[in-house]
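Presented below, as structure tokens, is a lone chain in the form predicted on its own.
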């Protein structure tokens, strides 16, 4: 089956999860939420899933409509308050955190504060929320963009909201990885077989290494089945695929 923007992003967000990890998805993070639910259904290893609504290891009967839907805490044996997962992260207890961004640069720094100058911005963004706490303290942070343009993947941020342990960036075209250390830059790891490395270079605002990059492996039967179940009505894919 050919990749769609929706299936490529959700599946490759899920593929960032490792066995035994404690994984967290943040506010307005529907695609990572779906990725975690996909991994629970498709992968043959255990990990702990915590979400911004407070659910720990939720067992939703219905697929949540968003990362703030009460359905996302159904069946949870425990509920975390905001200060609980911020404290857990600050103590080094979160292995993988999904955080969104408006802009990102080659060193994994993010902007969710303002586009244009701080004094007179073109767009005032929502602000960092927990990003300034979680990006430097989580062991690994993964972000995503539903578009892949030089406006989002930039050489220089308009404002640096947060920096730290960003290790992966997933778009409909590509998966970039970097080491969680200062000065490390993104490199192209895998790309959507329906595009080319040259096209990715042209549509990325920062320079990156693509040595050794390979086409993405197809979805497994388990991944495909889980994604079809999670998006049975097509409401999520329609929002991403257009």
Partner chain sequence: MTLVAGLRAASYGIPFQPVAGVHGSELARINGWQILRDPYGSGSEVYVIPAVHPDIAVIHAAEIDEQGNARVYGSPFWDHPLTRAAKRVLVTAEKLVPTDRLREQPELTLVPGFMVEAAAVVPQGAWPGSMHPYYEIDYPAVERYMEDRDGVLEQHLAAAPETAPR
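Residue numbers count along the first chain shown, from 1. Not measured: the values here are computed from a predicted model.
Keep in mind that the form predicted together with its partner chain is missing from the display, and what follows is about it.
Look at 115-123, 168-176, 97-105, 147-155: in the predicted bound form, residues with non-hydrogen atoms within 4.5 angstroms of its partner chain sit in 115-123. The closest non-hydrogen atom of residue 58 lies beyond 4.5 Å of its partner chain in the predicted bound form. Interface membership of residue 189, defined by any non-hydrogen atom within 4.5 Å of its partner chain in the predicted bound form, is ruled out.
In the predicted bound form, none of the heavy atoms of residue 31 sits within 4.5 Å of a heavy atom of its partner chain. Under a 4.5 angstroms non-hydrogen atom cutoff, its partner chain in the predicted bound form has residue 70 among its neighbouring residues.
Just one of 201, 217, 180, 65 comes within 4.5 Å of its partner chain in the predicted bound form, counting any heavy atom, and that one is 65.
The candidate site formed by 53, 90 and 159 is fully in contact with its partner chain in the predicted bound form, as each residue has a non-hydrogen atom within 4.5 angstroms of it. With contact defined as any non-hydrogen atom lying within 4.5 angstroms of its partner chain in the predicted bound form, the contacting residues in 79-99 are 79, 81, 82, 83, 86, 87, 90, given in sequence order.
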